[in-house]
Structures are given as structure tokens and as C-alpha cells.
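Just one chain is shown here, as C-alpha cells, and it is the form predicted alone.
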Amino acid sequence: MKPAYKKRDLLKNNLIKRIILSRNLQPFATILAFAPFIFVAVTGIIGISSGAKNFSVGFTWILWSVLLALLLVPFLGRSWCFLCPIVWPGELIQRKLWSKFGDSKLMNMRWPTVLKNVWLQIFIFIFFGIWMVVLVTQPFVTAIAVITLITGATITFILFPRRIFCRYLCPPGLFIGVYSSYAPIEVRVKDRGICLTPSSQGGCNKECYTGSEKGYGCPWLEFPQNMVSNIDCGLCTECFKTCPRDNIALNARPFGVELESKEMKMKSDEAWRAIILLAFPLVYTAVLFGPWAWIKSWGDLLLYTNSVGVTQHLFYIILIIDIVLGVLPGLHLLASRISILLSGTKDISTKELFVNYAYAYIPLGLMLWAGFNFSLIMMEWSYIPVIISDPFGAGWNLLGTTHLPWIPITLPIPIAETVFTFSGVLLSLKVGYNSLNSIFSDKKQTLRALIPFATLTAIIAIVYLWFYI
């Protein structure tokens, strides 16, 4: 059977394969990532309260978030999950300090079936999103958020097997997971036939899922032989180590091909995830870079002033929830209904179209997140040498850069935002057209059905660009 798209197994390179198969790779990378996040907690609690001068805010919301949105997720998918320090303490406890391979578990409670989706993860992400203004300005709140995530992950690892926290609870994972589907890297089996063959006939005993003396069963509860998407693969590399037939590949592939694959399984909760994540860069841009200073002041849920009180805070919360869970999903629902009317078909339900086309927003969402973070680093980059030279805001001058003034670089922002946005629009329309083409019977129907979605996509792009141009 001809492959759906071209791919190249990176493990054919012996050096890369040796590195991936090393048992020391993930612990070493995680320790390197764990150290700065512990420092985030320490500086956030005992350092200066000014976010611009505290390592906690500067590292988390200028360096880490920008690194995720501009480099790691677009190019390496879930690579952050591979070294994530948030889950490290819990995973160490669960695996009993690496002393036993196989199926890692401790109390081994069963995760409720009703929660085996991303809805809880969505609401946790929205909760953190509501606190965005406070998180990016208050070091103490950032520290508490990091400590809460680490503590919550540790408790989850003790109670439930494997990475239940990562799959169903982690708020950064909501963003990383859906946009990893666009990345040019994937973990897949080389030959599914080998997986289906009994071990007595040259196959295997499903060690990739159950674990073996060489490694753990898939922490993400994924079955590699059935994987067609990156969304729930954490790139942990355990399946490479446990597969007795060397049947797991680390493939380089073209950007976005997963979204156009006929094997891609469309799910309603994932569709909502794509739409909600598309809304947040619009919200963040309006709050942080928009002309309405009152929105940002109303969003600070901690600092009450004479002019801002509980009523304004509640209005701010309701406004965000309405946009994220109401306005944008509602517009997409309307576009889905109009699309069916324009196509002239009665064989497709509005729900089916709502779910299927939502995946087409993934490229646009990814580009808007990248654009937002690009503007953020351009505006705030000069704080980085300041906080490195004086991480606690205690008057140190370790590198001689403590007193560097704020130096925003605004010139490239409109150009970059235009490139990001139009790229996202074109890529999303490409995915959307192919998605509709697989649903409707002829090209005329497809083009008519695309009109409302293309219109909505253009409106989103125009609204976003309005804040920058």
C-alpha cells in the first residue's frame, strides 16, 4: 500500500538511534529543565514583587512560553513533554526511582471513563487563562501556579497509573497536544503487520504497551500499532526501547500532513479544543496589546483599586468565557450550518461538519500563537538580561545588565504578524478544503461549503491583525 505521505526514519542514523535508546537521555534532560522551574518557585516567593524584575515571571512568560510557541511545538511537537519537569517528581515516585521496568503504577486507581477526554483539561486551561493578567505580572502567583501543577501532577501519579495527568489534566498539554499534530515529526510503527503477528511467528507480545525488562509500557496509554496522530504521543521514547522487533520509527515528515490524512480520527472534544485555543491568542492580544487599558486593569484579580472592584473582575471573567466558549464556537456553528445550506446536501449533519472542519483551524491557531509570542519577545526581550543579572530583584548586578532600560523592538512586529496570520489563513484553508472535499461529492459543493468557513477565517485574521497594524 502506498504511504499517505513521504517520511524518513531518523533512527536510520546510528548516532540518533543510540541517543534515543539511552536510558539516561530523558532523566538528564528532565533534570536540566527541572532546575529553572524550581528557581521560578523560589524567586517568585521570596523575590521582588515586580514581574519585570523577577526571574519567575521573566523566565516563565517571556522565555519558556515563547520557546514553546515559536520553536518546540511547531517543529518538534510534544518534545517538551519528553523532558517536562512538572511531572518528574511524581513519575519518580510512581516508578520507584527507576528500580523497576514494565507497567509503572503505584496505587493504580482507575481513571473515570466519563473523564477520558479533554474537557476537564479544557476547563483547567480556561481557569489559568482567566488569571493570565495576574500570572504575567505577579511573580508570587506564577510561583504558586508552578507549585500547584507539580503538586497536582505528583498526587495524580501516586493515585493513577502512567501519565494520566499529562493526558487528561495538564493545561500546557492542551496547547502542546493539538498543535503537535502539525509538527514535522512523528512516532509510528514501521510495519503494522509485525504488531499483528504472534511472537511465536516473529511478532511481539505488545511490549510497547505492557513494558518489558528494557523499559516501561507507554506512559500515555497509547498503543503504537494504532497510532495515527501525534496528539496523545508524548515522545517519551519508551516504545523505542521496549519493542523487541525494532519496529518503531521516529519519522520526519512534511508539516501538516497528519491533518489531511484519511486515518485522522475526528473527535468532538478535540474539535472544541482547537476552537478554544484559536480564541485565546485573540483574547490575550486584546488584553495585553489592545488599546483598552481598562480590560487589563479589570483582569487583575488581586490588586483592587478605588476604580476597579469585584464587579469589574466578574465582568472580565464573563467576557473571556463568553468569547472562548460562546462567541467563537457559536460563529463556527453558524458557519457549519450555512455551509450545509450552500452545499445543498441533506446527508451531512451540522454536528459532523462542526467537528470535522474545526481541525482546519489548527494551522491558523498555531500561527496566531506564534505571532502573539513573537510580539511578546520583541516587546519584552530587554527584561531577560536584567532578571538573569538580578533574579531576585535584590540589587545584584551579576552580569552588569541589571540597569538595562526597557528597549522594545517594534519595527518588525507588523510585518511578522502579517506573515504569521496570512500563512495561517492559507494553511487552514488548504486543510479545510481537503477536509470538505472528503465529505462532499463534488468540487462545486466543496467550494460552496468552504465559503462561510473562509469568511470566518478571514474575519478572525482581520480582527487579530487590527491590534498590530
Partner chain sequence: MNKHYALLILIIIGITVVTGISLVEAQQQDNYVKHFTVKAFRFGFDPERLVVNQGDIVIITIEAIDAVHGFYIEDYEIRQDLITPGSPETISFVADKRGMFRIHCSTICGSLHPFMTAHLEVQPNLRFIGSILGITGLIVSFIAYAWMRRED
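Positions refer to the first chain, counted from 1. Just so we're clear, the structure is a prediction, and the values are computed from it rather than from any experiment.
Here the subject shifts to the form predicted together with its partner chain, a form of this protein not shown in this document.
> Contact between Ser50 and its partner chain in the predicted complex at 4.5 Å, heavy atoms?
Replying inline: Close contact exists here: in the predicted complex, Ser50 approaches its partner chain to within 4.5 Å, heavy atoms only.
> If you check in the predicted complex, is Ile469 within 4.5 Å of its partner chain, heavy atoms only?
Replying inline: Looking in the predicted complex, residue contacts with its partner chain include Ile469, since a heavy atom lies within 4.5 Å.
>> So in the predicted complex, is its partner chain close enough to Leu10 to count as touching (4.5 Å, heavy atoms)?
In response: Because no heavy atom of Leu10 falls inside 4.5 Å of its partner chain in the predicted complex, the answer is no.
> With the partner left out of view, is Glu270 within 4.5 angstroms of its partner chain in the predicted complex by any non-hydrogen atom?
Replying inline: Glu270: no contact with its partner chain in the predicted complex.
>> Looking at heavy atoms inside 4.5 Å, which stretch does its partner chain contact in the predicted complex, given the options 74-82, 112-120, 129-137, 162-170?
In response: Selected stretch: 129-137.
> Which one of Glu207, Glu186, Asp300, Asp390 is close to its partner chain in the predicted complex, taking close to mean a heavy atom within 4.5 Å?
Replying inline: Comparing distances to its partner chain in the predicted complex, the residue within 4.5 Å is Asp300.
> Of the options Ser375, Ser343, Ser181, Gln94, which one has a non-hydrogen atom that comes within 4.5 Å of its partner chain in the predicted complex?
Replying inline: Filtering the options by heavy-atom distance leaves Ser375.
>> On the criterion of a non-hydrogen atom at 4.5 angstroms or closer, are Met379, Leu411 and Lys444 all touching its partner chain in the predicted complex?
In response: Every residue of the candidate spot has a heavy atom within 4.5 Å of its partner chain in the predicted complex.
>> For a quick check, can you give me the residues of 436-469 that have a heavy atom within 4.5 Å of its partner chain in the predicted complex?
In response: Stretch hits, in order: Asn437, Lys443, Lys444, Leu447, Arg448, Leu450, Ile451, Ala454, Ala458, Ala461, Ile462, Leu465, Trp466, Phe467, Tyr468, Ile469.
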